[in-house]
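A single chain comes next, written as structure tokens; it is the form predicted alone.
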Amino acid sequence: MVPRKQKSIGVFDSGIGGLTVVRALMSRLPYENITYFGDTARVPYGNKSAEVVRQYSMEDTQFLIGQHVKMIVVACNTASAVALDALRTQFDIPIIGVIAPGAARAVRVTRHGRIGVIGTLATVASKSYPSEILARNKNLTVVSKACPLFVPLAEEGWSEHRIAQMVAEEYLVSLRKERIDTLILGCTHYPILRGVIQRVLGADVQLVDSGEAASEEVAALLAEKEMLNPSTVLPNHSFFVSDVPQRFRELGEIFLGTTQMRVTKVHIP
């Protein structure tokens, strides 16, 4: 049996976007084993009902628990928004989402108290980010915008395509008019489009990556619970998907900067 500290961190997302969280975890916790599941057969989650997202999230979590993980990171913002409480009730394992960490960081870095949030339709409709932000400081202004087309653009690897520029201009013009100084990238796919988003909004707008913020919370939780992996050997990173493993590998290798990705297709009931 694998000792608890040496078990992997489980991460799930609807597709490839959660690799932004994996990248942050690899950087902050270089000796931790990681097991990732991307539900590429059912991506995206952001345009599905809350009930369906909760069902998928339960199945994703159950799969990772079957891989003997020591904790789970819900990399998907949509799942964090609508399923996190249900997952914590159902499963007896530490589970961290990305919304609370991202909101906390935005509150810390905003200069003028005007925060923008972009996310999927489901994440924006949940109002989870405004709720988390205003709970920390009720005097802040929060403006949200759903950007559903960013997900397929990221999945296609079109981060620098002219279509990405056109879509970003269309989505973000209203946020520019609101004079935001901070923008939360409220979907794990969106950091893949960070360059074009920054160009459209301008260099004076601070972008907050919820995945990076979540990696800080993961590190703190593992330290608090004395679950950090004491090993100093190269960790094991395993990747599972529910469909199109070759496509995931191609984009994932470019995104993570590695040619050593082991990607396995699995069936999720």
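For clarity, every value in this text was computed on a predicted model and none was experimentally measured. In case it trips you up, residue 1 is the first one in the sequence shown, and so on. Just so we're on the same page, rigid core means the largest C-alpha set that superposes within 1.5 Å between forms.
The protein also exists as the form predicted together with another copy of the chain; that form is not presented, and the subsequent description refers to it.
- Note on the interface: of 38-46, 25-33, 65-73, 229-237, the segment with non-hydrogen atoms within 4.5 angstroms of another copy of the chain in the predicted bound form is 38-46.
- Taking the partner from elsewhere, G252 is found to have every heavy atom lying beyond 4.5 Å of another copy of the chain in the predicted bound form.
- In the predicted bound form, another copy of the chain sits beyond 4.5 Å of every heavy atom of M58.
- Remark: I163 counts among the residues lining another copy of the chain in the predicted bound form, judged by a heavy atom distance of 4.5 Å or less.
- Looking at K265, you'd find a heavy atom of it within 4.5 angstroms of another copy of the chain in the predicted bound form.
- Taking a 4.5 Å heavy atom cutoff to another copy of the chain in the predicted bound form, the contact residue among D85, E156, D181, E178 is E156.
- Just one of A100, V143, I95, V167 comes within 4.5 Å of another copy of the chain in the predicted bound form, counting any heavy atom, and that one is V167.
- Shown without its partner, the chain has S242, D243, V244, P245, Q246, R247 in segment 236-257 as residues with a non-hydrogen atom within 4.5 angstroms of another copy of the chain in the predicted bound form.
- Core-superposed comparison between the shown form and the other one: the CA of F248 exceeds or equals a 2 Å shift.
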